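A single chain, nothing else alongside it, follows as structure tokens in the form predicted on its own.
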Amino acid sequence: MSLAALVHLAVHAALVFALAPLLQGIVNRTKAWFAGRRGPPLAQPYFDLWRLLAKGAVYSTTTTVVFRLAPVVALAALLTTGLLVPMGGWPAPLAFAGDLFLVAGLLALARFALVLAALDTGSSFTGMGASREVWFAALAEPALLVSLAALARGLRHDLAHDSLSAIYGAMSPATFTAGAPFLLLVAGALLLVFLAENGRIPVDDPNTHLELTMIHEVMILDHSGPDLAFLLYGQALKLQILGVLLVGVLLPVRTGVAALDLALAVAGLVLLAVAVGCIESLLARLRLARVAQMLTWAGALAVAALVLEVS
């Protein structure tokens, strides 16, 4: 590997892996501002992860090796996904033709590992959350794939022969102006998928502990110590990964200066985190049936964008 490739990998990994918890801190501070509170420090998610890593894990006698391996598998899948997603016009370090299918597969693998761990506890409580997670995933994953397919089609790329880096690298202010209708449809679908996949309001509330309404949080209640740290960090990575895909559509600025493009991409992620905090402060949580309808709308927007470009 050349020196340039090593520098590229180091910068990309530093931005993706180190920035992820900060976005959650920005969301929390935004929500605190709306509530008239000072709120926790922006670095609080880092402190929480460090505290959990210093503790020991507790395992139920009911669980098997599946429960212990799930956090590691989920985190490994999300770390790999982070190296496949381009950022700020920069190609991803592990880019290859058709890599978007691997991105979708790795996101599904992380969820599958978490669902297996939830079922492995033998608790009907965590099983309920796992059932809801799979239900909504069956609606969100097709919407994500169709959105990326519409994006590739609109930019005249082939899913099987082009990577996410090539597709997003073709984005520019000129292409956004020329294809604004279909790109806004894609952005709308990605935003709904982003909220659902990350368990944010109006789909789920990461701060709630009401048994009848929890989805993602209920599946990780039995984890502790480093295992819980892995899951929380993976959750932050997923927020950033899907955020990068959304910001890449809404903010396709290409200045020709790599450092400036990366800085603008980071600024876009910060604005997205603030927007998530605003959404969670201004909207109420939807009923579960309404969540399914919302994800159906996400799929409809993605299909509409694809049809618009095919026709």
Partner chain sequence: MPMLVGALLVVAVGALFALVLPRRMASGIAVLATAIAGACLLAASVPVALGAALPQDFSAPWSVPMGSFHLGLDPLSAWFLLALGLIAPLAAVHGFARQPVRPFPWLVLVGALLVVFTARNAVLFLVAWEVVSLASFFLVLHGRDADAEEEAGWTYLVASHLSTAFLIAALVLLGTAGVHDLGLAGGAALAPGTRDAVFLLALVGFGTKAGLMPFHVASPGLYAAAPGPVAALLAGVASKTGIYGLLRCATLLGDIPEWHGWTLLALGLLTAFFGAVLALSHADLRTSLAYSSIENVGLVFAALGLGSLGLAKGNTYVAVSGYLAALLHALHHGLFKGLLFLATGSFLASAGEGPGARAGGWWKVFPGVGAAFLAGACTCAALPPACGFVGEFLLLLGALEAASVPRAGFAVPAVLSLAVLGLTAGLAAANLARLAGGTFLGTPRAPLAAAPVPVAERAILGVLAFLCLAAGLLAPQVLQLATLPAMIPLASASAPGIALAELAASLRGVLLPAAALLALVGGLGLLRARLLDGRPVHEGPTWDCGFAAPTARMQYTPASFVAPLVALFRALHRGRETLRPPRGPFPARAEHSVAGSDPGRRFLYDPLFRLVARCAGRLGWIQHGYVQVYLLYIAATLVVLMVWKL
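Residue numbers count along the first chain shown, from 1. Being a predicted model, the structure only gives us computed values, none of them experimental.
What comes next is about the form predicted in complex with its partner chain, which does not appear here.
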Using a 4.5 Å heavy atom cut-off, are Pro40, Arg200 and Glu280 all in contact with its partner chain in the model of the complex? no
Using a 4.5 Å heavy atom cut-off, which residue among Leu191, Leu231, Ile215, Ala77 comes into contact with its partner chain in the model of the complex? Ala77
With its partner chain left out of view, choose which of Ala35, Ala259, Ala284, Val65 has a non-hydrogen atom within 4.5 angstroms of it in the model of the complex. Val65
Indicate whether its partner chain has at least one heavy atom within 4.5 Å of a heavy atom of Met87 in the model of the complex. no
Residue-level question: is Tyr59 within 4.5 Å of its partner chain in the model of the complex, judged on heavy atoms? yes
If we define contact as a non-hydrogen atom of the residue within 4.5 angstroms of the partner, is Met128 a contact of its partner chain in the model of the complex? yes
With a cut-off of 4.5 Å between heavy atoms, is Ser165 one of the residues that contacts its partner chain in the model of the complex? no
I need the one stretch from 51-59, 272-280, 23-31, 242-250 whose residues put non-hydrogen atoms within 4.5 angstroms of its partner chain in the model of the complex. 51-59
Taking its partner chain as it sits in the model of the complex, which residues of 77-102 have a non-hydrogen atom within 4.5 Å of it? Please list them. Ala77, Leu79, Thr80, Leu84, Leu94, Phe96, Ala97, Gly98, Leu100, Phe101, Leu102
